[in-house]
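There is one chain below, alone, in structure tokens, taken in the form predicted on its own.
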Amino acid sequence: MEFAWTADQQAYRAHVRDALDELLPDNWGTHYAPQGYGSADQIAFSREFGPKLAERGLLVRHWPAEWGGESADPWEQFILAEEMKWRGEPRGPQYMNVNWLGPTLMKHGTPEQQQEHLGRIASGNVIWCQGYSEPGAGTDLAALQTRAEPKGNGYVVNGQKIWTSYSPFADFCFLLARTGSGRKDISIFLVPMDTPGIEVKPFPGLVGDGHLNEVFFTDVEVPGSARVGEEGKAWDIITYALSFERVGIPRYHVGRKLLDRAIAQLDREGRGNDPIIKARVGRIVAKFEAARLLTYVVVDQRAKGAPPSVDANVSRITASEACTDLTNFLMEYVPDCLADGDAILREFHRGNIAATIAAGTYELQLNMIARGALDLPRGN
């Protein structure tokens, strides 16, 4: 079996790296990247960077030509994601737009919604947030309490979201709200964030800037045309979007490179040959490579047109475990790097705090694997 990249894929990766070298400013690594891609400065930068990527055909190359892409295969999408993530994700929150919000609207949006939103996403200067998690429900979407009550030709939304990354700067929210009494009676709405009645309140925490926010919806009027899909039938749409999100951020790629960086630091300090350290490093390397290959399994399925499967959950779990092992290793052996020495290592550590929660908690992923892969019964 051949796991190596093809010559064309290697050339594409080199092309992406060259573009990044040309487009990123000299102070990218010292000013922007250390702040994280949820920060005000990096989001503002992304509104300039996105259109430049679009001009070079690098923003939505994997999209169909109908929507501004070139129908490139999913492998190129992941090569691009790996290189962007390693450089500190200069696309900012727009990685989300192009990788799962856009594809979800292509499959489930109305023609009017597609016309309104896909062009903006493909142009590279629109910011979205996702209204998923809630204070009383966490990431258990079936337990969310935000309600959208019918009124005239639309709805009135009341409720609260939490951990809503990018919401202080977002133009639109991909909002989930309850529209019925059943556990899964949920609908999706595309809501402009300047709609009267929406209030965003950031709160402090260890996770990177721009990620910890509460969003309050008080008598927010939303037109019926903003609803995606049938009323109360959003579960399959959510599942579709999450299948992209769960493998959408190549943490295995960044984690593996950061581990090399930590090893170099240990070598400089004369600790690189410690047998205990070498054993720990070996186990972490194995987990990252497993996460990489499991993600590539999902990419291969997409390239062959297969529907979303539980393999995305398996990939997510494996990557989360590898990243957690890495951050524990960094805390134990190179804590100075996290405190004030290496901004990229520090930002990875901060970001990974939420990695086992975002797109469904670790426990939720395990439950889905138990039912979807092992055919185990649902617990009470």
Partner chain sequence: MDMELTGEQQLLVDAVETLGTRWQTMPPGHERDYAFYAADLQAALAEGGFLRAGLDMGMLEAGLVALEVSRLPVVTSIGASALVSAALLGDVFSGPVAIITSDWRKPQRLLPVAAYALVLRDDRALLLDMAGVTVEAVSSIYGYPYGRLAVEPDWSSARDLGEGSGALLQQWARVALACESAGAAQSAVRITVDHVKERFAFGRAIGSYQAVQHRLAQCYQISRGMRFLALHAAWSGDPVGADIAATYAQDHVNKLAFDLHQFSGGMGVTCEYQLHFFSYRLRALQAELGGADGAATAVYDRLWKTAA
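Numbering follows the first chain given and starts at 1. Please read these numbers as outputs of a predicted model, since none were measured by experiment. In this text, the rigid core denotes the largest set of C-alpha atoms whose superposition between the two forms falls within 1.5 Å.
Absent from the display: the form predicted together with the partner chain. The rest refers to it.
- Stretch-level contact check against the partner chain in the predicted complex with heavy atoms at 4.5 Å: of 28-36, 307-315, 56-64, 42-50, the positive one is 307-315.
- None of 141, 207, 242, 263 but one reaches within 4.5 angstroms of the partner chain in the predicted complex through a heavy atom, and that residue is 263.
- When you look in the predicted complex, the only residue of 233, 117, 108, 256 with a non-hydrogen atom within 4.5 Å of the partner chain is 256.
- Among residues of the shown chain, residue 184 is not one whose heavy atoms approach the partner chain to within 4.5 Å in the predicted complex.
- The partner chain in the predicted complex comes within 4.5 Å of no heavy atom belonging to residue 7.
- Although the partner is absent here, residue 75 sits close enough that one of its heavy atoms falls within 4.5 Å of the partner chain in the predicted complex.
- Residue contact with the partner chain in the predicted complex: residue 273 places a heavy atom within 4.5 Å of it.
- Taking the partner chain as positioned in the predicted complex, the residues of 284-304 that bring a heavy atom within 4.5 Å of it are, in sequence order, 285, 286, 287, 289, 290, 293, 294, 296, 297, 300, 304.
- Once both forms are fitted on their rigid core, the CA atom of residue 236 lies less than 2 Å apart between the shown form and the other one.
- Superposition on the rigid core between the shown form and the other one places the CA atom of residue 79 less than 2 Å from its counterpart.
- Relative to the superposed core, residue 294 undergoes a C-alpha shift smaller than 2 Å between the shown form and the other one.
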